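One chain comes next, on its own, written out as structure tokens in the form predicted on its own.
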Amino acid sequence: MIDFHKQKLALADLTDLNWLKQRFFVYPDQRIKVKTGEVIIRQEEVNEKMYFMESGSTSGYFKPEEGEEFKVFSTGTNMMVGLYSFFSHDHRSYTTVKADEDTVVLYVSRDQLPEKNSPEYGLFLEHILPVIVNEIYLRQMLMINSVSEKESVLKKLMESEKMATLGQLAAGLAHELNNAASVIQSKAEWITEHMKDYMEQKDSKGLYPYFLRSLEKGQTKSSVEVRTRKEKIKELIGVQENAAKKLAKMNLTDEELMMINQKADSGIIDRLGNYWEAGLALHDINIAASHTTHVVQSIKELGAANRREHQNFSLLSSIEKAHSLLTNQLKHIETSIEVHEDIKINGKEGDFIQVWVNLIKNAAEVLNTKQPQSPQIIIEASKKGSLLHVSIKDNGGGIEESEQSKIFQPSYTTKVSGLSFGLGLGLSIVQKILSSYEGQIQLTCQDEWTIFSIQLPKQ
């Protein structure tokens, strides 16, 4: 905004206002007191007076033939109004000048000016021209401010309309997908129950409990843990690389390994692996179906009152479910989940799965694109004071500093194609979900590491 006080000082530097005031604005009968809101000059009316502001303030308003009246300029003490109409050819004012507060003005009429060819007229021009230049400058600055503000408002309005349109499209899409998602979830549950009966009936080697374990727990070992466990299994029971890797994924105890190894059945590890993988596949299908239903339901609830109840759930479990949904993207990435199983969150588990999926997926996409020598994602959580801290970091090379401040803006993306790539909504949705739980998310980059740090009130 324009600092009129500073501008008034600038005007004082340009000209000797006292000369003008003492020469022309000295007549008591030409001193007017104007109440707040009263009009001094009216738009389109003839004005042959020049006003000097002794005290108070005024503003000039222009009203177009169609549209609302808007402010063109403002004046304060020791400033002048009526300059344009006073000097113009037809002396008509292009604005209506009103008092912003109780104001005192002094005026001079055109017929009181010196003769045009007189030396005193030259002095008058010498003193009034800087005043006119300053007034033009002030009004240009006010107009620039006004245009800048309108552009800012217009930009926000366009963004709002864009998001509203996107919301309508998303809601329409959610409506169409809702039935399909519900069918997928219910049929996944039906298949799971029938597969349990089928696998139990077909089992003659005592492998059914391992099917149930993977069905209920899913893949709980990180890639680092699997690799470490594989080497120990090779030493413990002397099996080959592939067999050791299968067994390492199953989270078996040493006693269970020894028992399996003692069975006189050369194909027992392959069959055990099949039972385990079948349970794991059904586990992931159920999570994917449940998450799809949650996302569709969340989109439908946009703008609606939140009616679903919060529940306590395991932070580790929600991260593992998100991990299960991203198995393919994480196939070649070493993922480490260092989260204590006792940490609980009160809320909707689906919301947080959505948060972890977005953050882990982004990290995986960066790593799969840039392909560093040893791609890693590390997920950690800890309680500090009244806060729960969760961090997800990847060694994909960091994010350019110029992009870091924009990364949470809706519609901002560094990706170029694809449905989930082009919308640029993932991180803004993450931020919105966390804000609804009074949480925060921050981005930092250290060397090759990109770190998203989340803080949540401890519950």
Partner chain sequence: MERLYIICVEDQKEVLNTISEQLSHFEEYVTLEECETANEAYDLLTEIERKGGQTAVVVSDHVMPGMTGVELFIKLKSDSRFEGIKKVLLTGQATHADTIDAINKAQIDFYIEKPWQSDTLLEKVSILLTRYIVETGLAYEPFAPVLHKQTLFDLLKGR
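Residue numbers count along the first chain shown, from 1. A quick note: this is a predicted structure, and the numbers were derived from the prediction, not measured.
The same protein also has a form predicted together with its partner chain, omitted here; what follows describes it.
Asker: With its partner chain left out of view, which of Asn358, Asn251, Ser74, Ser222 would have a heavy atom within 4.5 Å of it in the model of the complex?
Answerer: By the 4.5 Å heavy-atom cutoff, the listed residue in contact is Ser222.
Asker: Have a look at Ala174, Ile287, Leu207, Ile337 for me and say which one sits with a heavy atom within 4.5 Å of its partner chain in the model of the complex.
Answerer: By the 4.5 Å criterion, the partner-contacting residue is Ile287.
Asker: Using a 4.5 Å heavy atom cut-off, which of 344-352, 214-222, 79-87, 96-104 contacts its partner chain in the model of the complex?
Answerer: This holds for exactly one stretch, 214-222.
Asker: If you check in the model of the complex, is Lys156 within 4.5 Å of its partner chain, heavy atoms only?
Answerer: No, no contact at 4.5 Å.
Asker: Taking its partner chain as it sits in the model of the complex, is Arg229 near enough to touch it, meaning that at least one heavy atom pair lies within 4.5 angstroms?
Answerer: Although its partner chain is absent here, Arg229 would stay clear of it in the model of the complex, with no heavy atoms inside 4.5 Å.
Asker: Just checking whether Glu241 would be counted as a contact of its partner chain in the model of the complex - the rule being heavy atoms within 4.5 angstroms.
Answerer: Glu241 belongs to the contact set for its partner chain.
Asker: Indicate whether Lys384 is a 4.5 Å heavy atom neighbour of its partner chain in the model of the complex.
Answerer: Output for Lys384 is no: heavy atoms all beyond 4.5 Å of its partner chain.
Asker: So which bits of 328-362 sit within 4.5 Å of its partner chain in the model of the complex, heavy atoms only?
Answerer: Residues within 4.5 Å: Asn328, Lys331, His332.
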